Each structure stands twice: as C-alpha cells, then as structure tokens.
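Structure 1 and structure 2, given next as structure tokens, are two forms of the same protein chain, each shown alone.
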Structure 1
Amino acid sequence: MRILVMKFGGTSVADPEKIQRAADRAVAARRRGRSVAVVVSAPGEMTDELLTLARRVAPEPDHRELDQLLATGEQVGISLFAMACRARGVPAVSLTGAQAGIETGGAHTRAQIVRIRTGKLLRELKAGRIVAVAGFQGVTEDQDVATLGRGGSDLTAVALATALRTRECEIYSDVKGVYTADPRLVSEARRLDRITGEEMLELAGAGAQVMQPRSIEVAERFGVSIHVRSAFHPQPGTWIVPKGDTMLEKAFVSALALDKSEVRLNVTDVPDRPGVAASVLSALAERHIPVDMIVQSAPSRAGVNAISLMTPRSFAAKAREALAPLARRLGAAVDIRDGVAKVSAVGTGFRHHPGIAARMFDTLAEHKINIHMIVASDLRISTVVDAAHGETALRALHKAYGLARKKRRA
C-alpha cells in the first residue's frame, strides 16, 4: 500500500462546507490510488468552548475528567469527516485514538504517545476505506482517555506516519506554509519552500505557532518529512525536512519569530554558591513550569547574583508561588516583569559567524530599542525587548537580514 497521512486542523473543518472541502482532498487522493489515513481535529473553537464549559462547572477541573470531555471534540470531527467521504461515494470509517491503537503514558492533559498498534488501521486501509483518526488523544494502560496537549493532532499525524512506515505527511491549516516572519505583522514576509526540522523546532520554541514542537521532535527522530500547506488553496506549501542541504560552513537566517506570550522572571540577590541555580530550576520543574532563555549574571562584590528566565504568562503566578519558599530561605527576591517580547532569528551557522548577531544588535540600536536579555546558539539568537517595540524590531530585522528577497541556500 502507498499510504498517505493527512491532517486537518480545527480551522480547516470549522463548518460543514470546510469539512466537505477537506473530504474532497482525501477522496481525490484515494481515487489516485493512495491509501488515506486522515487525522482530524475538533471543529473550529470547539476545544476552547469545552474547556470554558468545564471551568464554569469547576474552576480547577480534574484532569482525567477534562480529558474525557475534550476528547469528544475530535470525535465530532472524525464522524462528520467520514460521513462527508461516504457522501462522495468513497467508503470511510472513523476511529477514536483508542480504536486506532494509540497508547499513551504520562500525565493527563499532556500525555505522550508510547506506541501505536496499527492492526485495525491497516485492516481498514487494506479494505479500501479512508480512515479518519481522532487527533490529540490516545488511551492509557488503564483504558482511560488521555490527551496530548495543545497542538496534539500534529503529533498524532507524525506518529501515524512513523507507525505506518510512510515517511511523509501533509498538514493542512489556514496558513499557506512557513514564512520568514508572521505575514500578519510583516507584509514582505516570504513563504519558504523548505526548512529543516532543527530550524522549525527553534522557530516553534521562539513563538511561531505553525506546528506543535513535540511533533517536530518526533519527525526529526524518525525521518518524517512534513508538508505544511493551506486547506483552502491548491498551491504547495513548505516542506519541513529532517536534514538540510546547505553547504558546510554556510551561515544564514531562515526566519524570524516574535513572541509576546511570555513574562520575564527575575530571581535577584541569589547567593553565589554551587547548587543554588539548580534549586531554583528544580523548584520550577517540580511544578511543571516551562522556562526558556535562562541567564545568570556574574556575582557582585557582595557575593550575590541574579537569575533571569522567560516563562509563559499563564504560568507566572504559579512560578512566583513555587519560588517563594526558596526565596525566603536564600534571602532572595522574585520579580515578574510583564510587557516584554521575545524576538528571535533562526537559521544555522550562527556560532561561528558573529556578524549575524552583530547585525541584530546594530539594527536594534539604530531603532533605539533596548535589549533586556540575549541568548544565542548555533541555530537561534533570541533577544528580549519591551513589548511596545516588538513588532518594530521584527520588521527592522526582517529588512536587515534581507529575508524579503529570495535567497539561494546552497
């Protein structure tokens, strides 16, 4: 069998007309001789609506019961999708995560896929049916429903492509691909024909919301190529490929990202002695608080330093609470600064080509934009600036790096 894995996001199946349009794509692929497995998200804003409903009933809903509720959104999507395929004269069947053999481990609301038992999937595909699989969900060892976290349908699609031994999958959404910057903010932004998984992972970590980072990690590990394309336009999109084809020692910026969803967390007057930084991060890790851009200052004459990091705004209060006992023991202070933005350049070869970083800092200086934090690696340079200057910084850097012009990558 030549299996094709397709995934349609919530905006792509938001109403009956869009479901029918998505079904047309799956049916066309089946009539071209492909065996088609389709991962379907909950239609439109259904997941958010269910989450709001849960919190009206219980402000802090039990995670097991929340998974039971949220998983129903995808079940609505797959059943309607299968109906639309059948109405077009092509046999189709819908499968929940459990029926599709997706087994999970870890905590509810953020489970990990342990394995996929493909027996039923393959039997349905061999029978000539389009198989609509519920994204975002699986089943635990105890036969409980578990969800995979935000964007989990991307992970379902990549994991299915891996389990079914087809080394590519198509991700359909309301965007035409991956751009050099958010085209809503930068009018000159250009769609990329291809980008490596490493670069895409850095972009996702920098705030680009094209795909779930965990799905990119799985694609990199198992060599799956991903075609990100529009559900509403026929043109090709962007290929996310496991390995790049750039020349050795070649350095370039592929894309930029702007993230206004984080706050800056400062722990000041921290004693300069071994193990203190570890205790700060352990306190956050124990509460499952994600962090990024960890920077520790040099110690002052008084023998203290400061640790600064970024965390999602939704975790700010939880982070302050987690660090409060430690801060009291150390005689330190915890400060949270909102109103900041993270601007990132993603590409390759940065470590050995300091001119890329220099251009960023020169450009920001020319626009009188002050930098609060800097973190750099071979693939990404991120700076934190005032939120009011974030979009200005993004547009200025897009121009400074010449990203509006199509550039040869090899």
Structure 2
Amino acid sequence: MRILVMKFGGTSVADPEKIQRAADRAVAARRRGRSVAVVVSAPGEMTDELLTLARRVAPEPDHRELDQLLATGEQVGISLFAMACRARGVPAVSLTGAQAGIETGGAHTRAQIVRIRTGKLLRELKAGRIVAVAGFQGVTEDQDVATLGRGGSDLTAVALATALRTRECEIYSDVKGVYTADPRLVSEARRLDRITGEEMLELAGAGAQVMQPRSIEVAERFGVSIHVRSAFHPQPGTWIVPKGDTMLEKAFVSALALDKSEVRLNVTDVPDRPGVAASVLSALAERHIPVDMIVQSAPSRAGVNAISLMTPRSFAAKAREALAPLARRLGAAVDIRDGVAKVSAVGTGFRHHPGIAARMFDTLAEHKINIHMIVASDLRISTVVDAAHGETALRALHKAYGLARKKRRA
C-alpha cells in the first residue's frame, strides 16, 4: 500500500467548486493506485470568522471552548470533501482528529501532537477509501478537542506522513510553491524549485505564512519530503529538501519575509545584574508567550539595561500582564509598540559575509527607512521597521538582492 498524504489549505477548499477540484486531485491519485489520506483545513476564512464570533460572545474566550468551536471549521471541510469524492464514484470517509487517533498534549489552542494511533486510518485506507482527516486538531487524554495553533493543518499533514510511514507529503495551496517573497506583495517574486528544510524553517519563523514552522521541524526530524504546490495548477511546485553538500561555503539570500503580526516589547530600566534577563524570559515562558529577536545590548547608562523582543500581537496583553509584577519589583518599565513590521532575509553563510547585512541596511537607508531593531544569525537577518514601510522595504530588498533573477542553486 503506497500511501500519499495530501493537504488542502483553507483557500483551496474555499467554495464548492474548489472542493470539487481538490477532490478531483485526490480521486486521480486514488485511481493511479495510491492509498490517499487527505488533510483538509476549514474552508476559506472560516477559522477567522469563528474567532470573531467567539470574541463577540466573550472578549477573552475560554481556551477549551475556543478549541471546541474552532475545530468545527475543519469538520465542515472534511465532510464536504468526502462527499465530493463519493460523488465522483470513489469511496471516501471523513475523520475528525479524534477519530483519526491524533492525540495531543500541552495547552489548548496551541496543543502538540503526542502520537497518532493509526489503526482506524489504516483500516479505512486498506478498504480502498480516500480518508479525509481534519487538520489542526486532535484530542487530549481527557477526550477534549484541542487545536494546534494557526496554520496547524500543515503540522497534521507532516505528522500523518510520519505516522503512516510514507515520506511523501503534498501541501496544496493558493500559491504555486515557495517564492523568493510573498507573491501577493512582490509581483516579481520567483518560485523556488527547491529550498532546504533549514531555510524553510527560518522563512516560516520569519512570518512567511506558506508553511507553519512546527511542521517543518517535524519534517526535518523524521525525514519527510514536502512538496508545496498549487491546488489549481498541475505543474510541480517547490520541494523542501535536506541540506545538500553542494551548498557548502556558498553565501546567498534565498528569500525574504515580511511579518506585520507582531508587536515590539521593550523592558527598559532593568538592573544590569545576573538573572534579570532570565526572570524576564521566564515570566513570558511560564505563560507560553512566543518570542523572537531577543536583544539586550551593552548598558547605555551605568547599571541599567533594556531588553527588547518581538511577540505576536495576539499575545501582547498577556505579555504585559505577565511582566507587570516583575517590572514593579525591578523598577523597570514595559513598553509595547504596535505598528511595526519585521523584515527578514533568509539564506545561508551570512556570518562570514557581512556584506549581505550591509546591503540590507544600505537599501533601507536609501529608502529613508529607519531600523528599530536588528538581529542576525548565519541563516537570517531580521530588522524591525515602521509597519507603514514594510512593503516598500520588502520590494526594495527583493531588487537589491537580485532575487527575481534565476540563481545558481545546488
């Protein structure tokens, strides 16, 4: 039984016609003799609409109930998908996360997949049915429905490919693959034939929506090859591949990302002594608040420091609450600034080629864009600028790095 895992995102099943087209793809694979497990997301904007609905009933909805609500979106997707397959004369069945044996741990709304009991899934596949599995959800030990965080259907797909011991996972989306920048924002962005898992992880972490970062981590760990491709065009997309030797010693920028979903958090006037950074980060970690770009520079005044970082806007209030008692104790101030954008260049070999970072800062300066924060590693340079300049920065950098031209790649 050669199993193929396919995943259709929300935009790919946004209306009845699109669901039918997606079902055609699964049916064609089944008719070619493959056993087909299809992970389906909530159609269109349904997850966002459910979130809005919840917030109209309760400003801070309870997370268990939120999971119960959000999971219904994917249930709509799978049942319609299975109906469409059956209407094409191919047996199909839909399974919720719980029915598919997806067991989760961790907190509601950002649960982790602990294991997948594949018994039922395999029985259905062996019986020749296309199995439509609800993305983004699982069930806790206590039989509560839990969701995996936004974009979590990608994670479901990769985890299923791992559990079903097939190493093939096709991610169908509204783009033709992974591009040098979001093609909705940069018209000359170019589709990459291949990108390494390492680069994809950085790109996803920098805010490129196309793949959820945790799914890439799991794919890397378990050797799953991912093919990101269009739900509406037949041609091949982008393969996310392991790092190849041939890239050794080369330095280049592969792609750019723009993230406007975060706020900048500044903790100022913190005493310059051991343990202070730890206490700031621990306060955030205890509440599972995600952070990126943690920066503390040399003290500007004797004995006093500032720690800055980025956190998703949706966690801003929680972060302020988490830091308030600590700030009082330390005599520090917490400042949260919205209206900022993170612009990142992702690639390889940046450490030994500071010219790559210099070009980024030069380009932003040429466009009179002020940089509020910089963090660089060997694989990524991220800057924080005013949100109003985000798109300009992205397009200017795309040009400056010559990303529209075909690169010599390994």
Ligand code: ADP
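One-based numbering along structure 1's sequence throughout. Note that the structure is predicted; figures quoted are calculated from it, not measured.
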TODO: Please let me know, 1 or 2, which structure is the form predicted alone?
DONE: 1
- [ ] Considering the rigid-body rotation between the two structures, state which of 354, 236, 363, 328 is located at the hinge.
- [x] 236
Open item on the list: Can you work out the angle, in degrees, by which the smaller rigid part turns relative to the larger one between the two structures?
Closed with: 10
